[in-house]
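What follows is a single chain, given as C-alpha cells, in the form predicted on its own.
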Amino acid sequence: MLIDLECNEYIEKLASGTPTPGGGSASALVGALASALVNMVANLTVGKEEFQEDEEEIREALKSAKKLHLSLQEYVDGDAEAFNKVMDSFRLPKDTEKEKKLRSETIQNAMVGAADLPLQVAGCCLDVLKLAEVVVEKGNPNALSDGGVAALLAFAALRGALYNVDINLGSIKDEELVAKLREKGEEVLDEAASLHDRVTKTVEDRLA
C-alpha cells in the first residue's frame, strides 16, 4: 500500500514515470498532513489551564481531525485504485456487441468512481479547513504558524482534488450526473476559498 511507504519511497514513486500515484493521491496525502497539523495544535492546547474556556471545542476538533486524517490516508491508496479500475476497464475485450456494451458500461462506472472519490477528498479537506480555523482562533498561540500551514495545505489539497474531479467529468456521458458533481465541486470550492482567506488573514494579522 502507498500509505505504508516511507516518505522518500512515496516521493520516488510519485516522481517515476508511472501514472500512479499521481496528483489525486498526493492531494489526499497533503490533506492528511493538514489534518495531522490540526491535531498537533489541538494536542498542544488541551489540558492547559490558560485554554480551559475553549477546552471542549478543542477536544472536539482533536477528535474530528483524527478521523479525517485516517480517512484521507485511505484515499491516498483509494485514488490510485480508482485510476487502476479505469485502466482495467479499457482493457476489457470488445470483439462482440455484448462485450462492447459491457466494456462501455464498466468504463463509465469506473469514470464515475474516479470523479466521485476526489470529490470526497475535497469534502474532507473542507472539514480540515474548518478545524484549522478553530485551532488558529482558539488554540495555543505558540503553534499559530502550524495552524496556518494546516489551512494552506488543506486548501491546496482540496483544489488539487477538484482538478481530479474535473478531468474525469469530461469522460462521463451522463450529463445530469456531470452537472450534479460539478455543482457540488463548485460549492465546496466557494466555501473553502472564503474560509481559506479568512483563516490566512487571521494568521498573518496575528503574526504581524
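Just count from 1 along the sequence shown to find any residue number. Since the structure is predicted, the reported quantities are computational estimates derived from the model, not experimental observations.
Below: the form predicted in complex with another copy of the chain, not depicted.
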Taking heavy atoms and a 4.5 Å cut-off, does Leu14 contact another copy of the chain in the predicted bound form? yes
Applying a 4.5 Å heavy atom distance criterion, does Ser89 contact another copy of the chain in the predicted bound form? no
In the predicted bound form, does Ser71 have a heavy atom within 4.5 Å of another copy of the chain? no
Hey, in the predicted bound form, does Ala156 get a heavy atom within 4.5 angstroms of another copy of the chain? yes
Would Pro21, Val149 and Thr200 all count as contacting another copy of the chain in the predicted bound form, using a 4.5 Å heavy atom cut-off? yes
Contact set, 28-63 vs another copy of the chain in the predicted bound form - heavy atom within 4.5 angstroms: Leu29, Val30, Ala32, Leu33, Ala36, Leu37, Asn39, Met40, Asn43, Leu44
